[in-house]
Ligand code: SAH
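First, one chain by itself in structure tokens, the form predicted alone.
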Amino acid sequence: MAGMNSAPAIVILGPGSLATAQRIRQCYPQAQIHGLQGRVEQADLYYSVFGDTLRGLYQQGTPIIALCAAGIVIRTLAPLLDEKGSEPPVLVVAEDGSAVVPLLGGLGGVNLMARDIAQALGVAAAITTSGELRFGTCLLNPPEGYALADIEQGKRFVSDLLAGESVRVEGSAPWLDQAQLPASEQALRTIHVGSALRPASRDELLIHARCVVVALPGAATGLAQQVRDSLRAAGIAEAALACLLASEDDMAEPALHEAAQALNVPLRFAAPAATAQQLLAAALPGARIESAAGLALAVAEAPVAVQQLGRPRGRLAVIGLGPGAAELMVPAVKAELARAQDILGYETYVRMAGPFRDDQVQHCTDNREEMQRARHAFELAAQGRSVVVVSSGDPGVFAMAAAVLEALHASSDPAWQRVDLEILPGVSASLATAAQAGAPLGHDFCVMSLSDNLKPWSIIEKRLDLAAQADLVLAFYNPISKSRPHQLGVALDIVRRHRDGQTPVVLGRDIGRPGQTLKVVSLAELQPQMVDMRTMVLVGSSTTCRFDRADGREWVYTPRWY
């Protein structure tokens, strides 16, 4: 949709709005439903403070669809209202879907959104914008594939038409065919649609068709300025630039991505060709190919369908969900899940990461298939898809990040090397458990897995003995299982050689998930039957302390001095 740069956030306050929110999401499959923590059970994301959430979304430029009273939204966003041209669309919808009211973002497509939502809900949108009521369209918000040259000039132009001036259209503007414009072939006011670089005129509304593609060479400096110089030399407006195109061989070159970011256009990749002109000709058959200021560019007759041109650089993000609670998931991970096309992981963790949209593909595998999962993720990302590999806790702590990097290290496929790979952290189980207990990891500590599936038990015993001897706080992952019920007892015997029996031990089970439990015992009291595979065990050092809390529980901490 024109003017809307990201998927909207559908914000609801209670369960009575959920059905309407789900109907609205049919219009925007990538939208996420934000529900109030403790009151909504089936949201995509949860928040605790409505005002902070709404203001945060607005400041990020995220379109907002709020299912609540208009007054609440107005009072919440009033302190942030500034420049009309830069605000995201903001709408309010009645909880039962009986009313759709656009509030902000007239230049960002809010009225188009309101009409789409109203049609889906079977009601009429409450449009109050004078230009749209008079002409049946917002002249300052052209559809996707077109860009307004000057918003301030556009406002003056529309004011002239509202005051009685007539207008004529130059160029192809099919979306205006059904508009109720005061048209006249003799009009002094002109709507001009095209790609040419033209001087500003008081009597002209200039709209640029995004019909130009520039081919980029490999790594080079100052590419963004080269593109601007090339467009200027060809007499083409920068706003007519639809995207940049480069060879797949150069997919990982940072300079190309920096240029696309500087010019605020997509970067697409196509199969290598002998020359830049041939690269463009293969990607845009029928377009006019020319060279200017050292770069090749293609000019199409209509706006370029960027999503059908070549393909994007594939992305693979390895993410950590944290311990399980939605509020403990870091924002970068939430954003990555929202943009993903494919989600891979152990089924339990994939379900924790959901719910997902219908257009997102889930690839669930057994927890023992880490390398196969990592290779599959690279195969998908190498096709240009946006892929997420899910871990619980932090992906770099006994989780998928190491497996993904191992797969990449072992691969000779250049397409895998060109994938945009990023590791996004999460709150690990040891940190989540420690936070619940106080600060048992407040000084030096050691994190160990007691599972001998991937390393010999003799190595575990050696490391455990040395860590305990060094008086480090110990955090045990995978402490016990049905296949190795005796090993935790052996581990505790090793620790007890070096620790006093009164050493505090924190047992955190399913921390961050429903039914979580936290217990503090002494090392002397600790028995293997108190622990299962879902328990995090934190064994204190010689300086770790415990004391009573006002609510009858205990605080545990390790002081930072020694």
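So that there is no doubt, residue numbering starts at 1 and follows the sequence shown. Because the structure is predicted, anything quoted here is derived from the model rather than measured.
Beyond what is shown, the protein has a form predicted together with this ligand; the following relates to that form.
Undergrad: 393, 509 and 513 - do all three of these have some heavy atom no more than 4.5 Å from this ligand in the predicted complex?
TA: Yes, because 393, 509 and 513 each have a heavy atom that approaches this ligand to within 4.5 Å in the predicted complex.
Undergrad: Looking at 252-260, 427-435, 211-219, 190-198, which stretch has residues with any non-hydrogen atom within 4.5 Å of this ligand in the predicted complex?
TA: Residues of 427-435 come within 4.5 Å of the partner.
Undergrad: Can you tell me if residue 90 lies within 4.5 angstroms of this ligand in the predicted complex, counting non-hydrogen atoms only?
TA: Outside the cut-off, so no.
Undergrad: With heavy atoms only and a cut-off of 4.5 Å, decide whether residue 467 touches this ligand in the predicted complex.
TA: Because no heavy atom of residue 467 falls inside 4.5 Å of this ligand in the predicted complex, the answer is no.
Undergrad: Even though the partner isn't displayed, in the predicted complex is residue 66 close enough to this ligand, meaning a heavy atom within 4.5 Å?
TA: Residue 66: no, not in contact with this ligand in the predicted complex.
Undergrad: Though only this chain appears here, would residue 231 touch this ligand in the predicted complex if you measure heavy atom gaps against 4.5 Å?
TA: The answer is no: residue 231 has no heavy atom within 4.5 Å of this ligand.
Undergrad: Identify, from the list 247, 76, 487, 478, the residue with a heavy atom within 4.5 Å of this ligand in the predicted complex.
TA: Of the candidates 247, 76, 487, 478, 478 is the one lying within 4.5 Å of this ligand in the predicted complex.
Undergrad: Of the options 498, 55, 534, 519, which one has a non-hydrogen atom that comes within 4.5 Å of this ligand in the predicted complex?
TA: Partner contact (heavy atom, 4.5 Å) among the options: 534.
Undergrad: Using a 4.5 Å cut-off on any heavy atom, which residues of 395-411 would contact this ligand in the predicted complex?
TA: Heavy-atom contacts within 4.5 Å come from 397, 398, 399.
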